[in-house]
Ligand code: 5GP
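Take a look at this one chain, the form predicted on its own, written out in structure tokens.
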Amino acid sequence: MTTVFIISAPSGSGKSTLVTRLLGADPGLRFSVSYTTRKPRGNEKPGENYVYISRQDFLARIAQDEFLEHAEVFGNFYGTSREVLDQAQQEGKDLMLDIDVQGARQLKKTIPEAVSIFILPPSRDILEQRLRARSEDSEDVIQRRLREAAEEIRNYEQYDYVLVNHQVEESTVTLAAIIKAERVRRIRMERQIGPILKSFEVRPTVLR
């Protein structure tokens, strides 16, 4: 059974760094690359950061029910393909999604058993410092991202876990611990427990 892990966070919270480190250390995870209609930014690579498609193509995929979730954000569409979940199930891996609050809400309706994790910056000031340190955005964009962060953070109670990203190494360990704990808890442990229980079944007494 594949467990779906939803990771959400305000832009600049360090989410991408944590996810990259976790994926590099855990071969049992598959990352879901979202589809989008927006253009690539900076050093983004097609197929690695996003699958970039036209608006017309995206709308056609919506009509064909090809997305587990999708949303329109600032005029651009973003979505998670059903195909990537099928691939993870075929490979026997868990699936990790990097999606926003709106997408997470939709996905939990589709897959209620999905595990959701919200990553918080330690403070607004630190988030602003991280956004400026990237040197990718204009002042208007930075201010918009800070306003978006304020809105997103208010939804933290909707998530199963909340992780405050003070320090990358520590946060990576904590995130890995959450993944491990959920793997122990989930239903597919029945495959390991079943044979153990069977070994304790009462055996017929052998008469001598």
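Please read these numbers as outputs of a predicted model, since none were measured by experiment. Residues carry their position along the shown sequence, with the first being 1.
Unshown form predicted together with the named molecule; subsequent notes refer to it.
The named molecule is not drawn, but in the predicted bound form it has no heavy atom within 4.5 Å of P121.
With a 4.5 Å cutoff on heavy atoms, N165 does not count as touching the named molecule in the predicted bound form; it lies far away. Although the partner is absent here, R55 is not a contact residue: none of its heavy atoms lies within 4.5 angstroms of the named molecule in the predicted bound form.
With a 4.5 Å cutoff on heavy atoms, D94 does not count as touching the named molecule in the predicted bound form; it lies far away.
Residue-level contacts in the predicted bound form: of R154, R41, K180, R147, one residue has a heavy atom within 4.5 Å of the named molecule, and it is R41. Taking L131, A88, I99, V115 one by one, only a single residue has any non-hydrogen atom within 4.5 Å of the named molecule in the predicted bound form, and it is I99.
Residues are counted as partner-facing when one of their heavy atoms sits within 4.5 Å of the named molecule in the predicted bound form; in 73-104 these are V73, F74, Y78, G79, T80, D98, I99, D100, G103, in sequence order.
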